[in-house]
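Only one chain is shown below, in structure tokens, and it's the form predicted on its own.
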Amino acid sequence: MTAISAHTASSPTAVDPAALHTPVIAWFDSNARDLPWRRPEAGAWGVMVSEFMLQQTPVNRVLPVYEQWLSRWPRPADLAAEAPGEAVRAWGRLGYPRRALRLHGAAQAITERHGGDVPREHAQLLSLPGIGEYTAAAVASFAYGQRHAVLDTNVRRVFARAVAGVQYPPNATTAAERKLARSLLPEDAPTAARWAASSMELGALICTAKNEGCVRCPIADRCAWRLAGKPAYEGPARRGQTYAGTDRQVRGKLLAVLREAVAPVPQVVLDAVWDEPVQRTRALDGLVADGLVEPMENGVYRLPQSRA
């Protein structure tokens, strides 16, 4: 039996949630980073933009792009009025550029269906293009102070260690993790929203994937993993990310040329980006299929101009 199956996240009764809430929230109050999307002036749109950008991208890379984005498009309607290619261009090198198209689509839907205001209701958020369960819960919690379980990688790791007693959570979020997260939520909405932000920050700064800072952790004395002697992870192999030589790298190089261009780009210019023609063609075809690039007549390409 692996460590994951021996210590499942489906047994929340072993933990007193209040014993976690108080020290973690107090730690957050004293140690939280001053991030622009946490400030009141960010509003729900600022929170939503940050959540799209922060998926699989570290804070230090997001910050300059976020500031430029909100300066250019302070409201959803401002972004919706632009061509989707401008969102892709402004996304820069954050990676996973389909997020830019999804955020543009969400801005259009917010403008058309909700009068330009990010909706408050979880179900309405979930109905927006590009919004999944995590993002809907995060916006409802962080922007509107509602009571939702917000499960990102950092929170899942904190819960895996503190409660389940394992080093890492499963590769994909499980029903047991969601059940545990709901069981740990404070009853009142403002405290629940604070708990969501606090547990996420704890995972980002202290309970990190490597070189965890247990000596600085506010719940080290009640962490199941630490108290068990920090048993090594025994679950399925954890996925690693490679970049060099992959189609992702080729796609990034092609998009970089198109982002910098002020006019449509000829095929011959894109051909110079990558020597291997089969991979280059596959990457370009993928960008077209994903709606990130528009082919035009005479073998030239541009960022997408057509609105959904």
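Please read all numbers here as calculations on a predicted model, not as lab measurements. A residue's number is simply how far along the shown sequence it sits, counting from 1.
Separately, the form predicted together with the DNA exists; it is not shown, and the next lines address it.
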*Given that the partner is absent here, state which listed stretch (105 to 113, 89 to 97, 174 to 182, 214 to 222) has heavy atoms within 4.5 Å of the DNA in the predicted bound form.*
89 to 97
*D152 within 4.5 Å of the DNA in the predicted bound form, heavy atoms*: yes
_When the contact criterion is heavy atoms within 4.5 Å, does H148 count as touching the DNA in the predicted bound form?_
no
*Applying a 4.5 Å heavy atom distance criterion, does R39 contact the DNA in the predicted bound form?*
no
_Partner contact for A26 in the predicted bound form: the DNA, 4.5 angstroms, heavy atom_ = no
*Of the options A204, A83, A77, A192, which one has a non-hydrogen atom that comes within 4.5 Å of the DNA in the predicted bound form?*
A204
*Does anything in 154 to 192 come within 4.5 Å of the DNA in the predicted bound form by heavy atoms, and if so which residues, in order?*
N154, R157, Y168
